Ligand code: NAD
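Only one chain is given next, in structure tokens, and it is the form predicted on its own.
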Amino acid sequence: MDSQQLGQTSAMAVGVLGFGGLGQAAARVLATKGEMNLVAVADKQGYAYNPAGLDGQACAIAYQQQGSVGYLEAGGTLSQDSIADLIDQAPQVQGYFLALPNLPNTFMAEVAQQFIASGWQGVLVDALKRTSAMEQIWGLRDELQRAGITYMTGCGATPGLLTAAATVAAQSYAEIHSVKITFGVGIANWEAYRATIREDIAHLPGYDVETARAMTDGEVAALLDRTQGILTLENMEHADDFMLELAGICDRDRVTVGGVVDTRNPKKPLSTNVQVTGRTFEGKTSTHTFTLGDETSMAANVCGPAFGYLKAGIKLHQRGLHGLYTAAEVMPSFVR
């Protein structure tokens, strides 16, 4: 059965907000997909919109060489209020991946409120990390529903892919004792993912979101010099705990997240995995382990699920199902 038989007669018009390392990777992912068409992109200084489709590589070149997709010759516009202006100019965009840094911690909720106030109706997907940030989105669930927006939260790798895997793995057990998520990330150059690295630094002892946000690039580089480019993160404030508790899997204090980020080597320092330990109905204790292939990059494990959840969200939206959903509640739909 092809997509037309399933009721999807044309490519879904989608956008990406934020065009740093993750946003550019998202555009490269979409270039391989026939079911989604990238028509809208925004960064801090401008936006690009073309209802026929954008050239993701051209957007990346404009961003890298001139600092904004607003400089794109075909469809680019410079703007100091780029998200609001793009929403206004592109009402037919069906869904957006919010590839935005959540610095400050209130930023994603503020973006969601912009969409609510605009009158736009469609699907939003984020890859939020922090529990406290997701709780702010949770507080907007009634407003999102009234606005006709279907919002999918925590839909990256972790939270996201690994949270969903834990939800499925939990079904073998009568009681969940623990969910332990451990990730390894390898990137050749931290400057390609400045915002992501700052969010990770915010989890280190002695740092928080505001101190990490205020760090200059030089200060970040100096910190990485002191650690030989390695960030070791333990007991992180990660929204997997909130999502699994909402899904009824286990109390949030049974969920732990940590990992190692190597900012100077694309090879992962360790394999990313989730371990779900529980008691079966026969009274036996066991552990399921789901491990991601080392060859899959952070970008692949974030952007792939994000667009899978965007497709699932568009299906929900078309059925009139609005409001807030997490990656632990809805199965992503594979985007071909």
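Predicted model, so just to flag it, every value in this text is computed and none were measured. Position 1 is the first residue in the sequence shown; the rest follow in order.
Unshown form predicted in complex with the ligand; subsequent notes refer to it.
Residue Ala127 is the only one of Leu72, Ile181, Ala164, Ala127 with a heavy atom lying within 4.5 Å of the ligand in the predicted complex.
Checking Ala112, Ile249, Leu100, Ala133 against the ligand in the predicted complex, a heavy atom within 4.5 Å turns up for just one residue: Leu100.
The ligand is not drawn, but in the predicted complex it has a heavy atom within 4.5 Å of Phe19. Using a 4.5 Å cutoff between non-hydrogen atoms, His177 does not count as a contact of the ligand in the predicted complex.
By the criterion of a heavy atom within 4.5 Å, Ser82 is counted among the residues contacting the ligand in the predicted complex. Proximity of Lys44 to the ligand in the predicted complex: non-hydrogen atoms within 4.5 Å are present.
Checking 252-260, 139-147, 219-227, 191-199 against the ligand in the predicted complex, the stretch whose residues place heavy atoms within 4.5 Å of it is 191-199.
Taking the ligand as it sits in the predicted complex, the stretch 272-298 comes within 4.5 angstroms of it through a non-hydrogen atom at just one residue, Met298.
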